[in-house]
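The chain below stands alone and is given as structure tokens, in the form predicted alone.
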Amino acid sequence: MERLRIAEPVARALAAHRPVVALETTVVTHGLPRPEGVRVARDMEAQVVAGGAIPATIGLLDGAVRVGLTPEELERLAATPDVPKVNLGNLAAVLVARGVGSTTVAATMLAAYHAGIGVFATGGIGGVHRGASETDDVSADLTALARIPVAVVCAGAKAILDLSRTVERLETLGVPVLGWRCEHFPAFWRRSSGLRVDERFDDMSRLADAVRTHVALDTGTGIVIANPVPEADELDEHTYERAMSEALEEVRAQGVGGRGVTPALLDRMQRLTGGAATRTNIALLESNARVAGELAAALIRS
């Protein structure tokens, strides 16, 4: 991949066949209020290490895709105003402009794949938006999962989406959804959407074997590893339902669309829950990073 720059510690780990986990940077610039994003990004790196792997946080700086941001580079990214969310569609434009950019799930998957990293941890994937039958608003994350063979550890899809259609679309695209100690697709702030995963795994070595086998089949698709938010950190159902209803109504009334929908809804959920949604978000991000580290380590061992 042209313009890919792999940090020396990450390059050494990959050359030595040590486990590496990719991390995205929209959590730093859009997913969490400042300065929480940088702190959580560092905590996620620490959780990857605790899981037995090397973290590689990915972002755009000075016309290059940086795989393995230093603490100083992460701070620079966070301090830059109006940082664009970089997706597959605008990646080239931001690179040519030599601008700063935070990578979404799709862009992080692409960079990870070209760097030789097979496991990626995020919060929740994008998917089919509510009302997509009228707006045709479907996240590029699904396109990336359909063509980039990287395992994505996540707390399901963001609950602001149409989860039923998202799970159906994943099946259509041939993307397996493997549950880590769960039988149902997580709903981000809630542990279960009621939608079944393709298979439940309670043993990390068996999960690693399923991931390796899928990649060996050469289907070209990614894999979703569904890891529910820890039970103690789940947003209670009443608070979730009330805040979600109000947040969706506010966003509709203001006519927010496109890439602005997700950050707008996340911001409103944070406000309407008195910060509880943010606390749950942080808990699931850190949990996903730990599981991703363990998965990457298991893939190397077996």
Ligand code: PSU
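All values reported here derive from a predicted model rather than from experimental measurement. Start at 1 and count along the sequence shown; that's the residue number.
Unshown form predicted together with this ligand; subsequent notes refer to it.
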| item | value |
| --- | --- |
| Option from 122 to 130, 90 to 98, 214 to 222, 201 to 209 whose residues, in the model of the complex, bring a heavy atom within 4.5 Å of this ligand | 122 to 130 |
| 4.5 Å heavy atom contact, S139 and this ligand in the model of the complex | yes |
| Interface membership of V27, this ligand in the model of the complex, 4.5 Å heavy atom rule | yes |
| Exercise: I148 in contact with this ligand in the model of the complex, heavy atom 4.5 Å | no |
| Interface membership of T104, this ligand in the model of the complex, 4.5 Å heavy atom rule | yes |
| All of G51, W180 and A292 within 4.5 Å of this ligand in the model of the complex, heavy atom check | no |
| Residue (of M244, L235, L266, L60) lying close to this ligand in the model of the complex, criterion heavy atoms within 4.5 Å | L266 |
| Residues of stretch 167 to 197 in contact with this ligand in the model of the complex (4.5 Å, non-hydrogen atom) | F188 |
